[in-house]
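Form predicted alone, single chain, as structure tokens, below.
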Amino acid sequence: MADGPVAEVLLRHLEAADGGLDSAELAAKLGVDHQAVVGAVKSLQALGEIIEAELRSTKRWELTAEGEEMAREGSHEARVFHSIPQEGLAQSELMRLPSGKVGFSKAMSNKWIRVDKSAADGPRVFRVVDRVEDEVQRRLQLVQGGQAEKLGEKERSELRKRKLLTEVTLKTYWVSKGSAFSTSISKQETELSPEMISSGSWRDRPFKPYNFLAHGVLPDSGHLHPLLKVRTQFRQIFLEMGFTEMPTDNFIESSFWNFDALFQPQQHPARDQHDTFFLRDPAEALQLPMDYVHRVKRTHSQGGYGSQGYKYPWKLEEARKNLLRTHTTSATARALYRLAQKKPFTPTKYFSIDRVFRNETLDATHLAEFHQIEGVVADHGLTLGHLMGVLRQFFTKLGITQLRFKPAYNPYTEPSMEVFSYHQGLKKWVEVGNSGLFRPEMLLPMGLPENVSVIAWGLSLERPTMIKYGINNIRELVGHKVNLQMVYDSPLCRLDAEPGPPRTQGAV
């Protein structure tokens, strides 16, 4: 600038101002970028009590890039209308125009144009009215001229839906004179040089004071993904409760361990290809514990252990089919089978947190690959009451103290319960997990004693992570569309655990 640096110009304007001045207004008056004025304010603050600056936030409406273009050139629908001659225009040709697709639908809804599908050369578009008023362009020009307040809430909402208008928060400084205000700036020394010491000139020079409260430069380091942070806390909770982590390295599993060992019939819909990823190579599992397989087959087809079974011809070739496991309960089945081989029986508590795969339709809350958390307790004489007590203890450690239980159905647990928690943010009850007692038809063929019961529950890892980090679309949490800046910016996750006795409600 011809009249001096921004800081000096700011001081001169502040001297003449009555009370103070706004940084954004000064930037507009000087014709400079607002950040240049902000930089000058911060530089003057570093010199001591020359100025006082108060940070203020204001909201205003601004046009998007598309909105600015339409303020100049007109709305898409108006451009479509003006491109149609009196004799009409072929719809296929209209759609090739830059504004054709969007403008056509908007002009049709405004009843500015019509389509004649009986034309010999294909559908043809004609004007319905002689002239139109481009209200969209007029509203955008009002915003561009700083008169957004003249628009109603409905009009602004329509422009926002079309991504022509956005609300931005502008942070400005209100600058006033400090106790040591002066329009002349004397440079403060930041280093004590050997020459200053030898000549003694340091005595007459002003030195910039040390700021011992300033934050140093953060060292470069790795960052944990939010899923890993929440997974670590879940794992710590299980370990605090005395659980042992199960091996879950079998991403590829046989249908036997994934379905049959859980007393899930071979004609169950979950075993169809539209729900499960089956493997082509290797297509079959070669090694299965055949004595156990025969007991499972008999339980399915003939019954046993107090059950009449499903009464269908069970097929070994169906049980050998390899797939990507649909739940970590297949790992639980393996762990319980190994436990049954150890004599005498020892009460055990297991947990697992790992990936599972399902042939899901991808949307904001579903992926084909996600994580499942599972807890299992095996002991003599466990009941539904024990399950509810363990669930209350587990969820209390997560900070979830209001629980409800609802009867449900699972092929391999009976009784079964869905677990609901009251979500303070959503102000409603939301499902947080599923639970139940494993059926005797699943446990007794493994070789577990008859008086041993196994309680279990499971939930996803993604849902609590999305709630805690305020993420509405699961594809923003995992997958190729993840914004890595989210990983850098996300702080350490704490699951709002509150001390004190749980406030629980049971509804069965």
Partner chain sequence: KSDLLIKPPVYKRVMPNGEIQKLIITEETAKIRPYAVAAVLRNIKFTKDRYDSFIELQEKLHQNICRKRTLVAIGTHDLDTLSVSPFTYHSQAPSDIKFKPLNKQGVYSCTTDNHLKHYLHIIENKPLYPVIYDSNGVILSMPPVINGSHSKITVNTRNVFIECTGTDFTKAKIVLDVIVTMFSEYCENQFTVEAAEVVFPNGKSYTFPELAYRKEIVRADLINKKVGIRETPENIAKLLTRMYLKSEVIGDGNQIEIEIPPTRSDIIHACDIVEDAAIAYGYNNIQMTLPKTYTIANQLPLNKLTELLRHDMAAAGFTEALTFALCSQEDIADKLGLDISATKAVHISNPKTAEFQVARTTLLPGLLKTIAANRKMPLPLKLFEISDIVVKDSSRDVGARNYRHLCAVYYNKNPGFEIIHGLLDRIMQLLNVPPGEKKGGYVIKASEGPVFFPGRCAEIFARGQSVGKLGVLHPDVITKFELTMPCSSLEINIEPFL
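Each form is matched to the other, and the largest set of C-alpha atoms that superpose within 1.5 Å is called the rigid core. Just so it is clear, the structure is predicted and the values come from calculations on it, not from any experiment. Positions refer to the first chain, counted from 1.
A second form of this protein, the form predicted together with the partner chain, is not displayed here; the remarks below concern that form.
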- prompt: Does the partner chain get within 4.5 angstroms of any non-hydrogen atom of Met417 in the model of the complex?
  reply: yes
Lys59 within 4.5 Å of the partner chain in the model of the complex, heavy atoms: no
message: Check Lys106 for me: does it contact the partner chain in the model of the complex (non-hydrogen atoms, 4.5 angstroms)?
response: no
task: Verify the contact flag for His268: yes if a non-hydrogen atom of it lies within 4.5 Å of a non-hydrogen atom of the partner chain in the model of the complex, no if not.
output: yes
In the model of the complex, the residue from Ala71, Leu398, Met246, Ala340 that sits within 4.5 Å of the partner chain by heavy atoms: Met246
- prompt: So which of Met95, Leu89, Leu316, Ile252 gets a non-hydrogen atom within 4.5 Å of the partner chain in the model of the complex?
  reply: Ile252
- prompt: Which single stretch, out of 479 to 487, 24 to 32, 61 to 69, 39 to 47, brings residue heavy atoms within 4.5 Å of the partner chain in the model of the complex?
  reply: 479 to 487
task: Can you tell me which bits of 11 to 30 touch the partner chain in the model of the complex, meaning any heavy atom within 4.5 Å?
output: none
query: Against the rigid core, is the Cα displacement of Pro344 between the shown form and the other one at least 2 Å?
result: no
- prompt: Superposing on the rigid core, do we see a C-alpha displacement of 2 Å or more at Leu218 between the shown form and the other one?
  reply: yes
